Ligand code: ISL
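Given as C-alpha cells, the chain that follows is alone and in the form predicted on its own.
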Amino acid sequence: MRDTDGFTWWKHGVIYQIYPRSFYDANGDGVGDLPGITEKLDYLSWLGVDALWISPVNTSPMFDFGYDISDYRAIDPVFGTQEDFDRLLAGAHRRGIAIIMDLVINHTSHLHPWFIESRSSRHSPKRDWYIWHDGKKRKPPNNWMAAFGGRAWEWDGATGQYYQHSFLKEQPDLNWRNPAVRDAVFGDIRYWLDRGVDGFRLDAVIWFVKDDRFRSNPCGWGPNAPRPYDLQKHVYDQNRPETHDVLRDLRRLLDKYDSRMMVGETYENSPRGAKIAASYLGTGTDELHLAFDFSLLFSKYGARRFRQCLARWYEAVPEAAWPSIVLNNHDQPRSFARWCRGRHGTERARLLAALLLTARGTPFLYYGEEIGMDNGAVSRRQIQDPLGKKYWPFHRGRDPSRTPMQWTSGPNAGFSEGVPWLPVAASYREVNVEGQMKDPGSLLHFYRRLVSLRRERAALSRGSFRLAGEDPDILAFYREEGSGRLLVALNFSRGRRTMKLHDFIPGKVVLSSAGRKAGDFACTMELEPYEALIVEE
C-alpha cells in the first residue's frame, strides 16, 4: 500500500479483523468465504478502515478452524479459490485497503506433508523439523501442558517417540532451531509477499522456540486456574530468548519489500503482559512492527483501570516503536458482553469506541464491534470450538464471539441463505448494519465518524499522548501534533462530572457522544454521564 504525507497505513490507519467463516457467505453453504468479503469491500471502504486482517484461509483439516495449516500456499476450498483471493486482494487495493494474512507458523497441521514425512521414520530427512523426544522411563520428557488440554506430548507408536504440541495433538510444533525449517517457512512467506499481500498477523509468537534442555515448568497459579495448563509458570515452553532471533530474521525478509508489516499475538494475561508484548518489538525497528498487548481486553471496566493499562503499555513500548490498541478478537468474549450489557450499554459502547480510536497506537476493530455485537448463545450441542468441547462448562469455548455478522434483520441476519455454521445471535433483529446505516445517531455512524476524525486530525493518528486530570471516573488525555492539540475526555461514570485541568484552554467541540454539536464552544470540562468528548483547543 502507498504511504503518503507521513501517513503509514499500518501505523496510523485502522485495521479491521475478519473471521472469514462468520463474515459473509456468498455461496449459501452456511460458511463465510472470500467472495463474501469481496462483496462487502464497499461497506468496509465506507467505514473508512485502512486494512483487513483475515483469520486463516489456507488449506486446513479444520481441527482448529484454520489454525492448523496443511498447505501454506493454497486456499482452503471452504473459503474459495486462489483466484477468489486474488480478486479480494485486487479489490481491496483499488480501494486503498491493505490485506493482512494470518500466519500460523508455531505449528502445522498433523496432515501437512512436512509432518507426514517427519513421522514416517526416525531417519526421515524432516525428522528434526518437529520436536521429537524419547521420553523418560516410558513417560513424557517433562511436565509441559497443552493450552487446549492434556500433556503437550503425544506418543507416536510407529516410531517410538513423543512429539510436542502446544495446542491440539493435531497441531505439532515446528522446530524453529532447525535452519531448514526457517528456510522452508520463509519461502512460503515470500510466496504471499510476491503475490502482493501487505502483512501478516503472527499467531502464537511466544511459543515459537522451546527450551533445548526440555526442563519442566515450575508450578504456578494463573488467572484461569484450575485449568491444568494454568497451574504452571511457562518458563521453558514460552518466551525463550531465541524467539527474538527468528523475528529479526523475519523482519529482514519483510524489509526487502515496500510497506509490509507484521503484528504478533504476544499473549500474556498477567501484570507483566505489557512488558512481554513490548519485548517482541525489539529496538522498535528490528523485530515485530506491532505487538498485541491484551491488558485493556483483560481489564476491568473503568477509567482508573484503563488509565493504568495505557500507562503501563506506553511505558513499555520502545521509543522507536509504535503501540497497538485492541479491545476484541476471535479468542475472547466480545467487549459488549463484558462491559456493555444492561442499562446505558450503548453509551458505554460509545466510550469504548472513543477510547479505541483516539488513544495512541494502531486500533484493531473486530468484525461487528462497530455495531455493538454481543456474544451469541451457543448451546453445548452446537459447540464447534475444540477448546469449548474440552473444557465445558468451565470454559464454554470461543464460539460465542465468532457468531455470524449481523447484516440485516432478515433471515439469518443476512449472513447466509443456508444454515449458518454457528447460530446467529438473537440480537440481530435490533442490532444490524442495515438498520444502523439508516440511523445517523447509531453506534455504527459514531465509529465511522471517529475513524474519519483519525484521518482528518494528525494529532489523533500520529500525535503524542499525555494523560490529564486525576478524576477516578474520567479518562482524559491530550493528543498533540505540530500546532494541533486535542483534549479527549471520557466519563465512565453514570453521573455528571466537572473535570478540573490546570492547563485546559477553552476550545471547540470536535465530537461528543452526548448530543453536543461540532463547533460548539467548550468553556469548562463539564461532562454528561458516559460522555465521550473531544475538544480542539
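Residue numbers here begin at 1 and follow the sequence given. A quick note: this is a predicted structure, and the numbers were derived from the prediction, not measured.
There is another form of the same protein, the form predicted in complex with the ligand; it is not shown, and what comes next is about it.
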Subject >> residue 64: touches the ligand in the model of the complex, heavy atom cutoff 4.5 angstroms >> reply: yes
Original post:
Heavy atom to heavy atom, is residue 331 within 4.5 Å of the ligand in the model of the complex?
Top reply: yes
Original post:
Using heavy atoms and a 4.5 Å limit, would one call residue 387 a contact residue for the ligand in the model of the complex?
Top reply: yes
Original post:
So, in the model of the complex, is residue 267 in contact with the ligand at a 4.5 angstroms heavy atom limit?
Top reply: yes
**OP:** Let me know the one among 446, 214, 192, 207 whose heavy atoms come within 4.5 Å of the ligand in the model of the complex, would you?
**Re:** 207
**OP:** Would you kindly say which of 98, 290, 327, 104 lies with a heavy atom within 4.5 Å of the ligand in the model of the complex?
**Re:** 104
Original post:
Counting only non-hydrogen atoms, which stretch in 113 to 121, 167 to 175, 412 to 420, 447 to 455 is within 4.5 Å of the ligand in the model of the complex?
Top reply: 167 to 175
